[in-house]
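Let's start with one chain on its own, the form predicted alone, as structure tokens.
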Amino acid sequence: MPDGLFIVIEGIDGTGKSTQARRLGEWFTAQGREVVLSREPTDGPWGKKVRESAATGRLSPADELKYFLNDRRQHVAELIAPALAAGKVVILDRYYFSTMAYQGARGFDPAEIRRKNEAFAPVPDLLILMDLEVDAALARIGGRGDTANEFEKRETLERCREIFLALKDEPFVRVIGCQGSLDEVARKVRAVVDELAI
């Protein structure tokens, strides 16, 4: 059984994470690997509460953090850990780095959030950090016909981007500028995945 491979795609809203996660999953599938593509917050009971709050008004900071942690514990136990143990490629659209960024922007210590998560959540083999100026990200959010929700306010995204970029020197992190076409960005993603020598 080959070792599982764990790749996380992160970044502020509007950077194209979901599209690139899907494309990368399709590429791995074409290489004959079994792929599990997932996202956080999940569609489980805790994740649904968080998703609903984006439209109806954010939860209190403490409740929001608790819901994210509960959602992730379930995700790791029921999907991520078993898939990796079975040798699959797991690709996530958001993970605990988003909790560090978005809850960090609400006043929590990102380093403490990280400690709490890494007590039970595996560290990815590769974290692809999609980076884009906030103005460009907001334009993309508007361009897809969406109205910025409670997680997508300018000041929130500015702080989130700072927290994400503070990770750039970690050995498993690769920052990709996501200006340019979807194909151009996909080539950059593939290039950093190729460094893993899978």
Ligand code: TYD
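Counting begins at 1, following the sequence as shown. Small disclaimer: the values here were computed from a predicted structure and weren't measured.
The same protein also has a form predicted together with the named molecule, omitted here; what follows describes it.
Among residues of the shown chain, residue 49 is not one whose heavy atoms approach the named molecule to within 4.5 Å in the model of the complex. The named molecule is not shown here, and in the model of the complex it never comes within 4.5 Å of any heavy atom of residue 88. Contact between residue 68 and the named molecule in the model of the complex is found at the 4.5 Å heavy atom cutoff. In the model of the complex, the named molecule sits within 4.5 Å of a heavy atom of residue 94.
For the named molecule in the model of the complex, the listed stretch (22-30, 37-45, 128-136, 166-174) containing residues with heavy atoms inside 4.5 Å is 37-45.
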